[in-house]
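Same chain, two versions here, written out as structure tokens and called structure 1 and structure 2.
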Structure 1
Amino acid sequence: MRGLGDFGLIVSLSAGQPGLKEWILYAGDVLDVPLAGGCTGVGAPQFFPYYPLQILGLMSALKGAAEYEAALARGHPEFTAANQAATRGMGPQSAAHLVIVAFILLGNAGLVLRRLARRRSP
């Protein structure tokens, strides 16, 4: 290998800068090297426009990692459940999201009750 252009594929698993976007701009666009990447959930929307022309695949957040593990397990049965950390993490993440939704609902219910109490008071 003499340079970056000699690579057959670049995979960037990153959050922040420098990261996947810089690989797209400097390796993918300039040198036409195939790219794939993984990123955080909040960073994923900025990469959607690059798929599938400038990046071959995008694994976004824990959900994307769990989907990758499931696909890997289907294609390679020797990939055991003990190796599936992202899949195991989906349960706690779902529970945390439900708690957040519950707090939003409680906050909105409190707001409505406070407004009703103000209307009733003279």
Structure 2
Amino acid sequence: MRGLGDFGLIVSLSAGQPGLKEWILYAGDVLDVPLAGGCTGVGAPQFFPYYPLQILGLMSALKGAAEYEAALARGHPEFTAANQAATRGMGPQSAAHLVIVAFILLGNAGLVLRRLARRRSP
């Protein structure tokens, strides 16, 4: 083992800089070392274009971690974590998303009603 090029796989679990982006720029693309990563939901959109040519896979945010746990349980049950922390977190996450969607719908409904009221008023 003399350098990064001798690695069989690089997995970067990171948030912010330096992180997965730097591993793509300075390791994966330069040395042709297979690269995979895990990142926060905020940073995920900037990594989507790199899949599948420059990164083998991307585990983004809690959702990605829950998907990873599910895939691990299906493919390698012997490595399945007992607490399934990410999968358990998806319940409150989904509830929070529904609340956000409800607020968006309420806000838009309010806007439409206000416009209709403005049109009707002389």
Partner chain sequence: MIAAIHLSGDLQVWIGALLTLMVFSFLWRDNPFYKFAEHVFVGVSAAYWMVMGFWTTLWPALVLKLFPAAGRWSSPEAPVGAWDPVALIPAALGLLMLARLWPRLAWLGKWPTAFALGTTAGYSLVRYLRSDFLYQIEATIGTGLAPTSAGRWLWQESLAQLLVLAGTVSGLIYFVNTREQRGAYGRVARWGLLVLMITFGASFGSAVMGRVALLVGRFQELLGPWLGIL
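Rigid core here is just the name for the largest C-alpha set that superposes within 1.5 Å across the two forms. Structure 1's sequence is the ruler for residue numbers, which start at 1. Keep in mind that what you see is a predicted model, and the values were worked out from it rather than measured.
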Between the first and the second structure, which is the form predicted alone?
1
Would you tell me if Gly16 moves between the two structures by 2 Å or more at its C-alpha, with the rigid core held superposed?
no
After superposition on the rigid core, does the Cα atom of Ala95 shift by at least 2 Å between the two structures?
yes
Please report, in Å, how much the Cα atom of Ala117 moves between the two structures when the rigid core is superposed.
10.2
Superpose the two forms on the rigid core, then give the C-alpha shift of Leu105 between the two structures in Å.
6.0
